[in-house]
Ligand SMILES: Nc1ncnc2c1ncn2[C@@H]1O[C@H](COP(=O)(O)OP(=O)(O)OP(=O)(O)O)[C@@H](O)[C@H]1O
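One chain comes next, on its own, written as structure tokens: the form predicted alone.
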Amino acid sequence: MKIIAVMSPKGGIGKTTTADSIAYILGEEHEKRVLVLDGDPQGDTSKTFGCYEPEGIGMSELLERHVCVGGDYHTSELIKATEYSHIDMIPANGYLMKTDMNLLMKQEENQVTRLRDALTEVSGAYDYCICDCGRLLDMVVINILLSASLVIAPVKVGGYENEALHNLEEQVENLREFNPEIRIKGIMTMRQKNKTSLEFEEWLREASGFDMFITPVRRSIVVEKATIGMTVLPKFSRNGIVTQDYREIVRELLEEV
């Protein structure tokens, strides 16, 4: 099972849309077995895939009460089926913020590797695990990053957004001691056909030093409409330009893997 995290310290750059779209296209269009993890206490990915429960079990129990840390839950017991035949998920809710605090106070060897241990239980059941991370590098996200081999980092035009990508690279570099395989690959999102946007795209590819997907994701109001409907984008707009872009990104991903 290849574990892919979608992460950026900057909000509003299409992180959740990217994670959900890649998971959907891999599962429903390429018929890969996909497990989705929601690592954000807002639970937006859980809502998109119809698995959100404010009082439900999921990621908090996986990290705090799994049998590998002396708890009473197996990973398989926390996986929920979605309406999609090839996609399952482990959802999250607001309790994930408390999980972060609880993990932060622990002084145990597996404090930051317990997710990796828990996912080993189902590694043969899925081809991909797509993880939607929160913006903060908290204990939940650190557990995800130490499990992942690839971090996909969306970035859009802007100095602060570019700085966020640099910060993420520095943070990931600090984690390589525990996960030498981890690497980052950027996606330009919300690209418009104007001079500033095109120049920034060229800089990202040729001069930034970042490893980037070739395909940019174009700006479209359809993305906002999909989020209003809490529907995964490729289902909401099967032939839209942004869905086409994510299909190309998944094609690049599959060729690379």
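All values derive from a computational prediction rather than experimental measurement. For every residue, the number given is its place in the sequence shown, counted from 1.
The same protein has a further form, the form predicted in complex with this ligand, not shown here; the description that follows concerns it.
Asks: So which of Leu63, Cys51, Val223, Leu35 gets a non-hydrogen atom within 4.5 Å of this ligand in the model of the complex?
Replies: Of the listed residues, the single hit is Val223.
Asks: Among His30, Arg218, Lys47, Arg205, which has at least one heavy atom within 4.5 Å of this ligand in the model of the complex?
Replies: Selected option: Arg218.
Asks: Quick one: does Thr231 come within 4.5 Å of this ligand in the model of the complex, counting heavy atoms only?
Replies: No, Thr231 sits far enough from this ligand in the model of the complex that none of its heavy atoms falls within 4.5 Å.
Asks: Quick check on Arg135: any heavy atom within 4.5 Å of this ligand in the model of the complex?
Replies: Yes.
Asks: Looking at the partner-bound form in the model of the complex, is Leu26 within 4.5 Å of this ligand by any heavy atom?
Replies: Looking in the model of the complex, residue contacts with this ligand do not include Leu26, since no heavy atom lies within 4.5 Å.
Asks: Within 4.5 Å, heavy atoms only: does Gln42 come near this ligand in the model of the complex?
Replies: Contact with this ligand, yes.
Asks: Among the candidate stretches 66-74, 207-215, 188-196, 53-61, which one is within 4.5 Å of this ligand in the model of the complex when only heavy atoms are counted?
Replies: Residues of 188-196 come within 4.5 Å of the partner.
Asks: Can you tell me which residues in 1-28 come within 4.5 angstroms of this ligand in the model of the complex, by heavy atoms?
Replies: Those in contact are Lys10, Gly11, Gly12, Ile13, Gly14, Lys15, Thr16, Thr17.
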